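In the form predicted on its own, a lone chain appears below as structure tokens.
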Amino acid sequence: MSSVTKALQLLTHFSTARAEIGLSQLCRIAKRDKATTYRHLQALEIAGFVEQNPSTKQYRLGPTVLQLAQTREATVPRKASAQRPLLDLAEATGETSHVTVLSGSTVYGLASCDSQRHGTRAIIDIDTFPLHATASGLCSVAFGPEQLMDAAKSNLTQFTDTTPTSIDTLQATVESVRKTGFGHASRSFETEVEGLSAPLFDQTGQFAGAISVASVATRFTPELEHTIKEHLIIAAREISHNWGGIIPTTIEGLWARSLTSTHKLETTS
């Protein structure tokens, strides 16, 4: 791994929940020695990727990151065109909706929207989503590039008692996603959250990301599952259209069969 790559990877440790990081803390998080981390931070600071808070002496993202983010959104618009479907999805389901995008082998959070229907709701407070433990990650492995399966297998961190931590379990979980068209993370990242996800496609015709709903687990009933899936389909079609893509007919067929199956479970329960 090149020195440039190692330096840029330090940027991935910053988030809204961890906006500023001190040198010692960053060394612990990145699992690197102090001299090397400081040298990389100096290089990033010169280029404007990070800056030092003059009061706390901690590091935070710099103006170059903002400029690049604005350029990215202006030239490859994603976030703005997902906002309306996200809001509609949150209102229709009463749960938290969010969109992720795939870049390389990493699933990044793009935008989220909370529903005001309930006082208790799922909070999206992460910037990257584990491939094996989240609905959007599983959706990416199922419908994204083939190499994502290897990436998922290489990091089977256990978050809860239901997290897939073996290759066999992961493969079975992904196969279930491929049969239904929906990623489903059943309390596998957070014990109090059920996640459902549908794939998104862009102008290339390839998998580009996922639209998801994070539901409070105690509210997750077969009826709510059916409602979420119905509105995930609507949102996935709209966002994919906004991104210049369409949903493949094979996935449309999976969704139709999945909804029929869910409806049968509802009527017999």
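Everything numeric in this text was worked out from a predicted model, so none of it was measured. Quick note: we count residues from 1 along the sequence shown, nothing fancier. Heads up, when I say rigid core I mean the largest set of C-alphas that superpose within 1.5 Å between the two forms.
The form predicted together with a further copy of the same chain is left out here; the points below concern that form.
- Each of A7, E51 and V65 is positioned with at least one heavy atom within 4.5 Å of a further copy of the same chain in the predicted bound form.
- Heavy atoms within 4.5 Å of a further copy of the same chain in the predicted bound form are found in one stretch of 57 to 65, 26 to 34, 207 to 215, 220 to 228, which is 57 to 65.
- At least one heavy atom of A19 is located within 4.5 Å of a further copy of the same chain in the predicted bound form.
- a further copy of the same chain in the predicted bound form comes within 4.5 Å of no heavy atom belonging to E91.
- Taking the partner from elsewhere, A172 is found to have every heavy atom lying beyond 4.5 Å of a further copy of the same chain in the predicted bound form.
- Interface membership of H40, defined by any non-hydrogen atom within 4.5 Å of a further copy of the same chain in the predicted bound form, is confirmed.
- With the partner omitted from this view, the residue of R178, K153, R72, H118 that lies near a further copy of the same chain in the predicted bound form is R72 [heavy atom within 4.5 Å].
- Remark: with the core as the superposition reference, the CA shift of Q67 between the shown form and the other one reaches 2 Å or more.
- After superposing the rigid core, the C-alpha of I251 moves by less than 2 Å between the shown form and the other one.
- With a cut-off of 2 Å and the rigid core superposed, A208 has a Cα displacement that falls short of the cut-off between the shown form and the other one.
- The gap between the Cα atoms of T134 and T16 is larger in the predicted bound form, by no less than 3 Å, than in this form.
- If you compare C-alpha positions, G62 and L102 are 3 angstroms or more farther apart in the predicted bound form than in the form on display.
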